[in-house]
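Same chain, two forms, each on its own as structure tokens: structure 1, then structure 2.
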Structure 1
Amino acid sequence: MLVRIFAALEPDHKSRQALYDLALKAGIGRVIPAYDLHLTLSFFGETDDAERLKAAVRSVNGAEIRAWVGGRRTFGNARALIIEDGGAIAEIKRKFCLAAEFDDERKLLPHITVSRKDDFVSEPEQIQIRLCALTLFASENINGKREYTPLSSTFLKPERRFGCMLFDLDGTLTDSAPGIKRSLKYALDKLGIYGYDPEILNKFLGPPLVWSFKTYMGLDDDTAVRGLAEYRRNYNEMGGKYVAEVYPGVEKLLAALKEKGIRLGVATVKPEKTACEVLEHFGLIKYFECVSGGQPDERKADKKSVIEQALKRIGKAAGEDVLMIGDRVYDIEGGISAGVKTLGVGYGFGGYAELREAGADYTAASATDILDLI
């Protein structure tokens, strides 16, 4: 029987299932079973040297890899998803080849084959996946079906834990869009602005409001500041701030993080007083050591400074063990410039493409997914 050997990186369960679903969504009918999905590093064909390769697999040390689906490609009859990362995949391959004394001349183009039968109909979504193990596989054809048998495997270590997590408020902890839009509409009415596309209000979710008024509505400085005042009046005094919902799983997540002794804070460009009131209203304030927000004069409130302010209040230095969690490009960019790791939540106002472009280190599809990181 023809047995061929290859080394591959394996996605974890959630990633496998996500890749499988992704391929289905992109129009492939017969997707390779989720548990067989892998990213091939080196192919050895038929070899008698399995023992040495097994030992080489075991000797590799490394941290698990976060990578992105970056498109699709066809190799012969194989339809594959292109996987992009910052070079960690190539590094694992290098370590493995070194240990195996194997000189792999083939250029590595990281991809995961999802079908050998059907073709893509549409572009796959760009999701993030986690590669958690390096495994030596044997592949053989049994009754016309390709079977993969893992011969040996090494677990890539989970990344280090976070000692401190900072959360954005709107779009991350609470879905405040309805309240914000209601108050925006009120402010624009007061300024006498009508006839705009209601969709444009979605763009106001996240960035500082004066900037948004100027950018999206073409207002001059004075009118923008007036718009802000009207917005605040409606939002703060007329109940707009309470027209919101806590995202599912958030409370459970915060309780679990707190129990694990992780220090929690809120870093939002929303005025601090409002942020506190909202958190109190929804019973979330008890989880946080500090709430760092914008000061009443909006100009100061950029994301980087509220993050720095939050860290100062908690008494923690910026670094690799601090995580900023948010839903928009501003949260990610702010986090990066403040020197902390960043996580983007896909359920918020921004979406995956925006988060990826901004350079988020991690993404999560739901609040409970964030727990996987610790």
Structure 2
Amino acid sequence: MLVRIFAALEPDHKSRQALYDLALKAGIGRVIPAYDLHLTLSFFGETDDAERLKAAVRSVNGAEIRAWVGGRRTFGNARALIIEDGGAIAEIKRKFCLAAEFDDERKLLPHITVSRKDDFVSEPEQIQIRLCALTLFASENINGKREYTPLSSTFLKPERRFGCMLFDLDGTLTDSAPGIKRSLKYALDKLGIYGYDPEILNKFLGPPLVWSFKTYMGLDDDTAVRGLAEYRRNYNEMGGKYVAEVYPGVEKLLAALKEKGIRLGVATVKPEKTACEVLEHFGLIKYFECVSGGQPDERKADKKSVIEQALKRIGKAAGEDVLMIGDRVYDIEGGISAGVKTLGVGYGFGGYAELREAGADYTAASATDILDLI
């Protein structure tokens, strides 16, 4: 199958937002969304050789790149910010092209396209940015909009080593969708709710259930709480919580992180007792210093709070040496609000588009990809 592919360096969340704001200040009215800002290294056009290119990406290693905006330039209909770094970008490109056996004849000046509609009104300020990952993207035109899907990434080693990593549970450590959906169907049957599109149950994977019952099924507070009680009956008492599987590579990842001395915790809105039982059942609890979860009624569950609670129990302050790893927008937004770095796993319940739009600093296609960061 032919896929349009390119390789790019990705800024972290703060840098993407800074670049977006900079373009607005320089007079561009319609700026490319912050989550789509990237520095293209090489174009491959349409190719059916994606696996070889993925392998080439995975073979590259290097340190995070500190760069800065060095002016503006127009390339055809693209309005771009010129990126200067002293040669590190060229070195990453050289390593990648060598591994990909690709002779890139286009000697592009390193730049980040910020608009294809409006032009600059003034010269942009000079700001510093951080480039944290090399990613292979598939580019597709979907409903008249250009969509970029990560195919493979390698993370450039951060300047400051991660000393603490917090993991979401459902959709990150375990694929719990079958058990959750089984228990949801049971609860809805008990409430006398039928005829809904089964696909809507996928939206329940991640956020607090009372909120989901109200939002996706239109239930009032009391009925939503009854729904939660019926769900819990099936999930906890009838074994739904164990209808799940640990994602490939997760235990290998946790063992490697623990061996490296990285402090590990779980931060989930799932009730804490249930989370501990699930982790115990699948033999994962031994890797974690703490499990921070929500309250049984889930009415006050929010990701920022459980992240802050996890850090307090571990005795760790928020900062750039803490990484929150999850699969939904709530994990990423909660991590950002709590003042930590974030990583979104594309194999979970949310998908890459949701994670990138939420502002994830990193995205990973598999659990083993995360090993790059150590």
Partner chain sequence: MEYKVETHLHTALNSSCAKVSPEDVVRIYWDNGYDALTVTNHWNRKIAWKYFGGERREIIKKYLGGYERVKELADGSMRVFFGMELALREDYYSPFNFGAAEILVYGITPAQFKEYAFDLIEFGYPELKEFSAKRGWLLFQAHPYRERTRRIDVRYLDGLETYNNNPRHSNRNFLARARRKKYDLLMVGGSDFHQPEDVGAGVMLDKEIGNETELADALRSRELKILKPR
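When a residue number appears, read it as a position in the sequence of structure 1, where counting begins at 1. In this text, rigid core is short for the largest set of C-alphas that superpose within 1.5 Å between two forms. Values in this document were obtained by computation on a predicted structure and should not be read as measured data.
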(request) Of these two copies of the chain, point out the form predicted on its own. (result) 2
(request) For residue 80, decide whether the Cα shift between structure 1 and structure 2 is 2 Å or greater, given a superposition on the rigid core. (result) yes
(request) With both forms fitted on the core, give yes or no for whether the Cα of residue 139 moves by 2 angstroms or more between structure 1 and structure 2. (result) yes
(request) Examine residue 150 after superposing the rigid core and state whether its CA is displaced by 2 Å or more between structure 1 and structure 2. (result) yes
(message) Once the core is aligned, what is the C-alpha displacement of residue 130 between structure 1 and structure 2? Give it in Å to one decimal.
(response) 10.9
(request) Fit the two forms on their core, then tell me the C-alpha shift of residue 64 between structure 1 and structure 2 in angstrom. (result) 2.6
